[in-house]
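Only one chain is given next, in structure tokens, and it is the form predicted on its own.
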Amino acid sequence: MQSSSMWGGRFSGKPSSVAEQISESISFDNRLYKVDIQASTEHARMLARQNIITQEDFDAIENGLKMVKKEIESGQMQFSPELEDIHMHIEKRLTEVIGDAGKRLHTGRSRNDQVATDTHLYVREAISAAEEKLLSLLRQILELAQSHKDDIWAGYTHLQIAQPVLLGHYLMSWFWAFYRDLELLRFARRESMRSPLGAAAMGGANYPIDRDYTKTRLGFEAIYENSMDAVANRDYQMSFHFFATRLFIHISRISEDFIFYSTAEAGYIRMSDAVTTGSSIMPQKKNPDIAELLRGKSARVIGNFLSLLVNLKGLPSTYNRDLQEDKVYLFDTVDQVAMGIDGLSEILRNIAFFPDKMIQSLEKGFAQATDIADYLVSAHGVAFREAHELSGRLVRYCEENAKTLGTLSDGEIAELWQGKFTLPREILDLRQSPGRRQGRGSTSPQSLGEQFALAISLIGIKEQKPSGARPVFRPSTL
């Protein structure tokens, strides 16, 4: 029995059902149909331009591919594992629609450079979509930070209260993390801007093709200079996966912050019903499930990256069928990136901050201690290690007597320091602490304003004066 596959001339029998099941990729690679038709159209256009096929054949191919695209988008195309992948489905249906001209489409190319071209184009589209979402997220974080530029928040180290910062400064720390992700994404785009089309199976085509022409028509910036490299390379996918992995590490970490901040023990934020769920047994529960799921999805994205790396690490030159699996990881990660950015954006739209509750924790955490030590250094010339010890005495006294630094009397301070030094009351005022921070990138209002100005210039929006009204979420509505 002759195989019905489009490569079946060499074979007298069909693959077994198990082999067919293992070989097929149409169950997941059908989403490549748009870029496959786009690349096939430009390949055929080049063939006609080079007089490798006739203009009449190209016209038939172009019109036929448009018909096939409509059939796929309307749900008329029936996918079959027997035809393995989206490339063979499109070519077979094209030949059914237009006849022998369809059989000329594959002249001068292989599925090896065809799939490499398609995935380059697909990654490029995914990058453009992710860039748009990331820019929107960055604008959202910036606006939120501007609206909270005067609120006091806590900086943590080791999950312990460290120093008072401005809430806007805390939020901007995430702006810069996601901005670096944007820079990495743009690097990944550059990786995807080389065209493999024309490399054929791995040694190039036996026809006078014009790779520069298809490069330009498909929006690439360059071609792969080596045909073997062109069909084997998946660096552009690794770059995208690394972007996605780092992005999700940041999403996971900010989600962890919000999960902790929303606990009854902390109570620094509240997330609305839009991004929380209840318990099936405990009526009082309001669980931060969306943040938890985003934190969990980071493992999935990391796993996709690792799967690609393990797939690639032992492959010999050049194309190997193992590479069919790269699309499983790629497609899932593309979906997760879109969902992850949208999910975090939705959380930020449905969150309220409670700086007054945070100030209580700052008091309990003796967050003024560093300011006290620094004051002794600058005002009295005390060596920092001695100042550190003197400030620590006040903290120990407060712990032993259930006090906070802000409630210490001048008499208590004088006694603990044996009357050597005095301490102005403003040093104990948590709200004044951020303003003492010096140096670019600090949490001072001046530095925060500089961050805002730089961020505005980097993401290409016009500077606007904050309205004064916070765009988020009165606690009573949450």
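Source: prediction; values computed, not measured. Throughout, we count residues from 1 along the sequence that is shown. In this text, the rigid core denotes the largest set of C-alpha atoms whose superposition between the two forms falls within 1.5 Å.
The same protein also has a form predicted together with another copy of the chain, omitted here; what follows describes it.
- Using a 4.5 Å cut-off to another copy of the chain in the model of the complex, not one of 26, 54 and 193 places a heavy atom inside that distance.
- The chain is drawn here without another copy of the chain; in the model of the complex, the stretch among 182 to 190, 121 to 129, 74 to 82, 134 to 142 whose residues come within 4.5 Å of it by any heavy atom is 182 to 190.
- The partner is absent here, but in the model of the complex a heavy atom of 172, alone among 172, 94, 86, 116, sits within 4.5 Å of another copy of the chain.
- Residue in contact with another copy of the chain in the model of the complex (any heavy atom within 4.5 Å), chosen from 408, 330, 312, 351: 312.
- Taking non-hydrogen atoms only, residue 437 approaches another copy of the chain to within 4.5 angstroms in the model of the complex.
- Using a 4.5 angstroms threshold between heavy atoms, residue 216 stays clear of another copy of the chain in the model of the complex.
- Looking at residue 302, you'd find a heavy atom of it within 4.5 angstroms of another copy of the chain in the model of the complex.
- Contact annotation: residue 262 falls within 4.5 Å of another copy of the chain in the model of the complex, judged by heavy atom distances.
- Within 4.5 angstroms of another copy of the chain in the model of the complex, the stretch 151 to 175 places a non-hydrogen atom from each of 155, 156, 157, 158, 159, 160, 161, 162, 163, 165, 169, 170, 172, 173, 174, taken in sequence order.
- Once the rigid core is used as the reference frame, the Cα position of residue 395 differs between the shown form and the other one by 2 Å or more.
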